[in-house]
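Below you will find one chain, with nothing else, as structure tokens; this is the form predicted alone, and questions on how it binds or moves follow later.
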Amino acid sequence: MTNATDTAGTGDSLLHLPPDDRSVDRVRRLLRQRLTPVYGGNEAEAMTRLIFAALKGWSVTDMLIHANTILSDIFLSRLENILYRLDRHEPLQYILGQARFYGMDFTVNPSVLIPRPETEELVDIIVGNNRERKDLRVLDVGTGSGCIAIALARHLPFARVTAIDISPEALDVARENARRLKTGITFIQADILAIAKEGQPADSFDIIVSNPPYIARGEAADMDSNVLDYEPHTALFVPDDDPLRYYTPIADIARRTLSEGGQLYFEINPRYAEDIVAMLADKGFTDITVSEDISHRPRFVTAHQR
């Protein structure tokens, strides 16, 4: 038999709960009920864990230990604000101001893309290929939140990492992440298209990596509103008639600045894998390989300097 209090108020304010009905366990279940119709059961459970971790610093074990703890009006009011924003499909990572990437919590806001699991796979490839090498010089082009640069600096022994982005707001976020995660990165504000045209930079690198904008404008109609309405379009989109807008100039820079045998890594739009491989071969790169992501889509390209 269903308890009336288990369903009553599913769409009501949590602040309307009686004082003795505000336990962690009860509110956790109501939170999942509110989120499941929009996000599905598994995602609702994951979001609930993230919310309690952000607001309380609690793990799943902590929530079980505190199952009967009564939550305050202040806490429930914060939950209501989060639910209000989630109802409008705002990404939870922006609401909480943080996103998990490669075992670390990164500060994020709408000036940077939310780090994706696919990009963790890109870092895995680079670290797997270079974990035994020391003192590598690494360039991250279009660093955004700094997630790739910081992950590589922390997992490649004594790597010297430089990170470029055109957005001063994004670089503010990246610098804050590097400071908070105690990682030394050289950050540069620059337009990669201008750098390619002007023949810069003069430095030499062993690894160049980039996850540049790669979604064609024509694909926007098929995108979820939580991405389309909130994440920065300058970090997402390229013109339909110029899908390699950033890959080509980055490859030109790599040809000038990679050391002999140096490595170039791209995260790519699967639609343009063959075009990117052809472009890199035309520019003289060797050992060009395409790797699939966990969804078995061509997502990463690796190439070597001759």
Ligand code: GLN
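Bear in mind the structure is a predicted one, so any value in this text is a computation, not a measurement. Throughout, we count residues from 1 along the sequence that is shown.
This protein has a second form, the form predicted together with the named molecule, left out of what is shown; the following refers to that one.
Asker: I need to confirm a contact call. Of V127, A190, L236, L76, which residue comes within 4.5 Å of the named molecule in the predicted complex, counting heavy atoms only?
Answerer: If I apply the 4.5 Å criterion carefully, the residue I get is L236.
Asker: Looking at I215, I208, L171, L92, which has any heavy atom no more than 4.5 Å from the named molecule in the predicted complex?
Answerer: Partner contact (heavy atom, 4.5 Å) among the options: I215.
Asker: Is A159 close to the named molecule in the predicted complex, meaning a heavy atom pair under 4.5 Å apart or at it?
Answerer: No, A159 stays farther than 4.5 Å from the named molecule in the predicted complex.
Asker: Quick check on L113: any heavy atom within 4.5 Å of the named molecule in the predicted complex?
Answerer: Result yes; L113 sits at the interface with the named molecule in the predicted complex.
Asker: Using 4.5 Å between non-hydrogen atoms, is E80 touching the named molecule in the predicted complex?
Answerer: E80 lies outside the contact set for the named molecule.
Asker: Verify the contact flag for D105: yes if a non-hydrogen atom of it lies within 4.5 Å of a non-hydrogen atom of the named molecule in the predicted complex, no if not.
Answerer: Although the named molecule is absent here, D105 would stay clear of it in the predicted complex, with no heavy atoms inside 4.5 Å.
Asker: Please pick out the stretch from 114-122, 68-76, 97-105, 143-151 that is in contact with the named molecule in the predicted complex, where contact means heavy atoms within 4.5 Å.
Answerer: Among the listed stretches, the partner-contacting one is 114-122.
Asker: So which bits of 153-177 sit within 4.5 Å of the named molecule in the predicted complex, heavy atoms only?
Answerer: The stretch does not touch the partner at all.
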